[in-house]
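Next up: just one chain, as structure tokens, the form predicted alone.
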Amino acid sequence: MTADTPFDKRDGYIWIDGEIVPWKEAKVHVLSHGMHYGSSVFEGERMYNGKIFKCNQHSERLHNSARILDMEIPISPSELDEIKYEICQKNGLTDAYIRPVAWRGSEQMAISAQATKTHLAIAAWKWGTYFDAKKRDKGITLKTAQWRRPPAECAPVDSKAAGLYMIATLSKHKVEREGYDDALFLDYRGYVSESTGANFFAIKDGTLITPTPDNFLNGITRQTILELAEEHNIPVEVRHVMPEELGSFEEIFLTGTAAEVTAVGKIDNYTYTVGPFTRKLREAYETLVRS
């Protein structure tokens, strides 16, 4: 099996609705509500050296995401924690990416989904860096997306809901065709928001700046970086960021469970260095998750 092997053709095991089944047998019916109406929530987590980073925090967030979508996860956060470790052990993994996902089933096919059952699956696999590791020391490239993040009044922005990623896929496809690694979203007001799957940080005059999370998910890795900045006596500003400011920033990086701490070398026509603050916080994060 290689990194290019389709995900439905891989070997191993997946936990689904209370059973551990062979990977290739983990099936969902084509008429599941989650497939047709986007009623699905998920998490992305990493295991380092046999320990899932902030495991319970992710489990609690999955429950919260489901509640926001009027779904109920059928097991408790602590039970979720145990199953995540169980499936990693079953697959012989000590360093892994873990994907819990919950979705509405096929009991009812309509906008209303009162009669549907909430299904749950947990998969885990070996996965390295999200972006090209060769770009670690020069940074990835971003281009501003044509789509914008919606306001909280128009979408469940505090939920890690599958449907919210539709514009992320469209935006990432477009900029990849133009030679960029990822897209940068502005929000409905024109403020800098996030990338397609990671939160945004910038450095200016020794201060760490990050957008106010009022229309995007306040990532667990984002919160961790803010904690690390405080520990390292780095001043922090959480505020709205205008796109006109992009040219004045000295360093920019993205954070997320998949992206970890990824330096940015270019946004549109602006270029940046992978400077000392990015390196310090990246090293502090890597030390923390492996401790």
Ligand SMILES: Cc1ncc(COP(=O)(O)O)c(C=O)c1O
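Quantities reported herein were computed from a predicted structural model and do not represent experimental measurements. We number the residues from 1 along the sequence you see.
Keep in mind the form predicted in complex with the ligand is missing from the figure; the text below concerns it.
At least one heavy atom of Ile220 is located within 4.5 Å of the ligand in the model of the complex. Contact check for Tyr188: no non-hydrogen atom falls within 4.5 Å of the ligand in the model of the complex. With a 4.5 Å cutoff on heavy atoms, Ala102 does not count as touching the ligand in the model of the complex; it lies far away. In the model of the complex, none of the heavy atoms of Ser59 sits within 4.5 Å of a heavy atom of the ligand. Though the ligand is absent from this view, in the model of the complex it lies within 4.5 Å of a heavy atom of just one residue from Gly197, Gly163, Pro77, Pro213, which is Gly197. Of the candidate stretches 66-74, 29-37, 250-258, 231-239, only 250-258 has residues with heavy atoms within 4.5 Å of the ligand in the model of the complex.
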